[in-house]
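Quick setup: one chain, the form predicted alone, written in structure tokens, and binding and motion questions come after.
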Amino acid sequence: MEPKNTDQIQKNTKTQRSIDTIDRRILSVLTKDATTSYAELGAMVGLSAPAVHERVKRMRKAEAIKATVVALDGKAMGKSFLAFIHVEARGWGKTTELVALGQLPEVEEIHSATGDTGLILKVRTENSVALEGFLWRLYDIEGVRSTKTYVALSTYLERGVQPEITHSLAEGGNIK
């Protein structure tokens, strides 16, 4: 008997659960220190280390946890000059050339946006001369019409996505 080709048969996949309260507590700890052991996490949230490990594996598989990364200090890396650049470009602004700027190590974020700008870039350079060089490079891209650059003087909070939700923000009644 010839073996059947089962490549196209969907594997038995568990239904993807949403992130629950315990998951959010685990993620809250991990966003502060991703090196926290499963045993420590378990003690903090009231689960065994293997149970926490399974939850973390599930969240990685579901891509709720995209990556484990090291947060670097800009000043220690020689990049203490932080700027946000609003780019107005022809059309929506999401051209291959503009998005390719993300390959430069100075570009930390690229967002498409509403309002009077098409893209917002978060750029960290070593000084104002390097930022000016970046802006020259930006203006060499066809379709870039104008920019508004905001230089950060101090940073009081800089972090990634947080697992907690402030439900009262979405409840309405925000008019005073």
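Please read these numbers as outputs of a predicted model, since none were measured by experiment. Don't overthink the numbering: it's just position in the shown sequence, from 1.
The form predicted together with the DNA exists for this protein as well; it is not shown, and the discussion that follows is about that form.
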| query | finding |
| --- | --- |
| Heavy atom within 4.5 Å of the DNA in the predicted complex - residue from 146, 37, 128, 68 | 37 |
| Partner-contacting position among 64, 113, 47, 110 - heavy atom within 4.5 Å of the DNA in the predicted complex | 47 |
| Partner proximity in the predicted complex: residue 120 to the DNA, non-hydrogen atom cutoff 4.5 Å | no |
| Heavy atom of residue 43 within 4.5 Å of the DNA in the predicted complex | no |
| Contact of residue 51 with the DNA in the predicted complex (heavy atom, 4.5 Å) | yes |
| is_contact(residue 124, the DNA) in the predicted complex, heavy atom dist at most 4.5 Å | no |
